[in-house]
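Let's start with one chain on its own, the form predicted alone, as structure tokens.
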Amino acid sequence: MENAINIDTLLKRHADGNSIRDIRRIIAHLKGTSYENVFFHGSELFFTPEEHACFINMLCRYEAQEPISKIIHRKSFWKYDFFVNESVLDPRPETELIIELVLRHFNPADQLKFFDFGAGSGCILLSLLHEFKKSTGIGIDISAKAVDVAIHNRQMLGVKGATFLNASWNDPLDIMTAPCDVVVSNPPYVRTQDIALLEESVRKYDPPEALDGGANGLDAYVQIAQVSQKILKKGGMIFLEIGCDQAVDVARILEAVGYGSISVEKDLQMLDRVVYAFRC
């Protein structure tokens, strides 16, 4: 193979100061193969000059602190790899706690209706419908480009029963009066003045509308609490991801509109992460 570049040689050349795991992930993406294949058979894989040029470009982006997920357009969440780009928030492991809590309170054999406020990549709703195979759900997002990503993930993953719509939770839509069993959301909750304090990989590469929760970080919770009361059945449940210092405030917001049995669940770092409650 004239001018071909061996993958193992490339790894050794760029090992210093970089994560070998991430470099292998970039290589696997470019070669259209698995990480495991690069790990075990790198000596048998080669880049063409064109592939090598693409690799160098991606490596430069990686060294400039662009998240690997945005470079290879893939992020793992729950049991899937999701397509992601600059239009959606990267799925975080902490958000998987919502899936765990819903599974704790509902039987996967149940036929439920889910509603996801601010669906983004679709990771929460699609993961839930993977577990609750008889169920259906609607996810809305104010970003049309985010909805396109969610629809792409639905088709790519072959999850049935999910509908994604470009809408604000303040829009007077018929879907806002349709009864559902479970409301979920990972809304924007960073205080506007704190956006500048976020890591560059978040501040620069995640969409601002998925981060900015207003002056006190609570704008979305006030709106979701009010609208969700219109669509949740009595006895239905709401699950909201929160910032680690927002549990008391979000609980008060839910209580003020009539939610009861309000609880807070901590993540693996023992930080408050999800507030959940029943509609009375």
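Note that residue numbering begins at 1 and tracks the sequence as displayed. Every value quoted in this text rests on a predicted model; they were computed, and no experiment measured them.
One more form of this protein, predicted together with ligand GLN, exists but is not displayed; see below.
Taking heavy atoms and a 4.5 Å cut-off, does Pro188 contact ligand GLN in the predicted complex?
Pro188: yes, in contact with ligand GLN in the predicted complex.
Can you tell me if Ala167 lies within 4.5 angstroms of ligand GLN in the predicted complex, counting non-hydrogen atoms only?
Contact check for Ala167: no, nothing within 4.5 Å of ligand GLN in the predicted complex.
Contact with ligand GLN in the predicted complex for Glu96, defined as at least one heavy atom pair within 4.5 Å: yes or no?
No, Glu96 sits far enough from ligand GLN in the predicted complex that none of its heavy atoms falls within 4.5 Å.
Should Ala210 be counted as a contact of ligand GLN in the predicted complex, where contact means heavy atoms within 4.5 Å?
Contact with ligand GLN, yes.
Would you point out which of 189-197, 103-111, 133-141, 79-87 contains residues with a non-hydrogen atom within 4.5 Å of ligand GLN in the predicted complex?
Result for this chain: 189-197.
Is every one of Asp181, Lys230 and Leu254 in contact with ligand GLN in the predicted complex, taking contact as a heavy atom within 4.5 Å?
No, the candidate spot makes no contact with ligand GLN.
Can you pick out, from Ile71, Ile151, Val202, Val159, the residue that has a heavy atom within 4.5 Å of ligand GLN in the predicted complex?
Checked against the cut-off, the match is Val202.
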